[in-house]
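Only one chain comes next, encoded as structure tokens, the form predicted alone.
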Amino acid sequence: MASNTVSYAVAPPSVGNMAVGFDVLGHALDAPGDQIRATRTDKSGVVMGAVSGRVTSLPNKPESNTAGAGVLELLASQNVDFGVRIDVHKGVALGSGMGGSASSAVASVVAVNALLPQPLAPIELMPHALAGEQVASGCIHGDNVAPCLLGGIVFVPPAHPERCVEVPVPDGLNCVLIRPEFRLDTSAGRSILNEKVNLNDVVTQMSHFGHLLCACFSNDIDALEGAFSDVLVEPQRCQQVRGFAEIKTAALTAGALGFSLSGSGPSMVAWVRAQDVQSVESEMRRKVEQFYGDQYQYVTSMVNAPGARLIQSKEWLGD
């Protein structure tokens, strides 16, 4: 039985879509994520507390806050007789294409789950984390939430996200992510997409998607080459990110297995073999600096990165 009055959790950033898996495929990143401190209160409901880190102001109403909305649903579902105060330390920038809203939504339900008399299993937290993510994106999609919660690569059926499947990660698969310092909100990125697409492009995308999954389940990293090629969404969104084509060419020339936007951007991600990480990172940074100077963030990570976890109070970075 849980008896905590304060708990702390962190959830990683993530890569949504994984090039060919729009809304259904994503993976975690081994990089600083969002931290949540959840404090049990006598009064029912959720109170949004301090905000620190890459963001210092978030909506005060929990139903309008990605860290609060899911907690409201979680508490209601468990019929508890207490409330919670939520403090947020943002390690993921908003509108970054790194799953910042998912990171907050997941970390908050993981932290509050530890306060429950009978904590739920991680997969049971999925619908509550999705409710938090929906506040930011305007719709329910789990390609950031699921890997953020569970780690690694996860496939998420849109109609039944609770039936998500953890996809094996080929040995040695890494990624290099570059994020120019400007904001692109998910809702804005979705608004430019054309709902009508070419049938031949759909078939090509399906082929790449199947190619990717087969390579993962057969642990064949070399078979991934050519699979990370998005012919449906990337062509519509890439014009929002200055220098995208040039940075992509630099990454592929340096040995990347594939390259695409992370989520709706502006982050861009290359998938690489372990031995090629340094060369791909160097070329991507050289090229991105031609367009953005030093105004960018970069991350190198294994794709089989861990998901959300509880942390100790000494690890808390917030105010």
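Values in this document were obtained by computation on a predicted structure and should not be read as measured data. Start at 1 and count along the sequence shown; that's the residue number.
One more form of this protein should be noted, the form predicted in complex with a small molecule, which is absent from this view; the next part is about it.
- Task: With heavy atoms only and a cut-off of 4.5 Å, decide whether residue 264 touches the small molecule in the predicted complex.
- Result: Yes, residue 264 sits close enough to the small molecule in the predicted complex that at least one of its heavy atoms falls within 4.5 Å.
- Item | Proximity of residue 248 to the small molecule in the predicted complex, heavy atoms at 4.5 Å | Judged by the heavy-atom cut-off of 4.5 Å, residue 248 is well away from the small molecule in the predicted complex.
- Task: Verify the contact flag for residue 22: yes if a non-hydrogen atom of it lies within 4.5 Å of a non-hydrogen atom of the small molecule in the predicted complex, no if not.
- Result: Residue-level check for residue 22: yes, a contact with the small molecule.
- Message: When the contact criterion is heavy atoms within 4.5 Å, does residue 242 count as touching the small molecule in the predicted complex?
- Response: Flag for residue 242 set to no.
- Item | All of 40, 113 and 309 within 4.5 Å of the small molecule in the predicted complex, heavy atom check | No, none of 40, 113 and 309 comes within 4.5 Å of the small molecule in the predicted complex.
- Item | Location of the small molecule contact in the predicted complex, chosen stretch of 65-73, 31-39, 287-295, 256-264 [non-hydrogen atom, 4.5 Å] | Residues of 256-264 come within 4.5 Å of the partner.
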